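Just the one chain here, laid out as structure tokens, in the form predicted alone.
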Amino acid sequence: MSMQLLSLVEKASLKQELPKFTVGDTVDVHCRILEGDKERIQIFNGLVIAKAGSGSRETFTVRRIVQGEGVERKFPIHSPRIAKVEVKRSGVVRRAKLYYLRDRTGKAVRLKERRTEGEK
């Protein structure tokens, strides 16, 4: 009974059109930022190193290097603060979590690009 009630409440807050991306993809996350009474969109681009959760609690972690320092952010997929997620390139990975990339620097961080059927 309570699980049915929870799923009913969650269904109202879920986004209808979810972006298709996986771990290993390089993405641009468009975030809505409120500054006073104005709203602007800030883009956070980086590599998706993890996805976790389900339903309205589903999140993904994006990692990027800023001035030689690694920066990671967790984003809820169904958050109204996320305007959109654009996939820039897809990487070939064999793991669900890419935490091992935290220890790597330079060219060792790169992933092979996944080819799709339409490309040559």
Partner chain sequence: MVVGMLGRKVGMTQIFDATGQAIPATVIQAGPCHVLQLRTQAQNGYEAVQLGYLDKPRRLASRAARGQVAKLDSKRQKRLSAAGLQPVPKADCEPQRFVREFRGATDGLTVGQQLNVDVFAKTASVDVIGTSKGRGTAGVMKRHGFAGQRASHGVKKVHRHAGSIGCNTDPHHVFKGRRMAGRYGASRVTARNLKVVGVDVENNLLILRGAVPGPNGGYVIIRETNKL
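Just so we're clear, the structure is a prediction, and the values are computed from it rather than from any experiment. Residue numbers count along the first chain shown, from 1.
Same protein, other form: the form predicted in complex with the partner chain, not shown, and the subject of what follows.
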Exercise. Is there any non-hydrogen atom of R64 lying within 4.5 Å of the partner chain in the predicted complex?
Worked result: no
Exercise. Contact between S13 and the partner chain in the predicted complex at 4.5 Å, heavy atoms?
Worked result: yes
Problem set entry | 4.5 Å heavy atom contact, S79 to the partner chain in the predicted complex | yes
For this session: With heavy atoms only and a cut-off of 4.5 Å, decide whether K74 touches the partner chain in the predicted complex.
Result: no
Problem set entry | Region of this chain that lies against the partner chain in the predicted complex, out of 64-72, 43-51, 79-87, 23-31 [heavy atom, 4.5 Å] | 79-87
For this session: Tell me, out of L18, V9, A96, V109, which residue has a non-hydrogen atom within 4.5 angstroms of the partner chain in the predicted complex.
Result: V9
Exercise. Across 41-56, which residues bring a heavy atom to within 4.5 Å of the partner chain in the predicted complex?
Worked result: S56
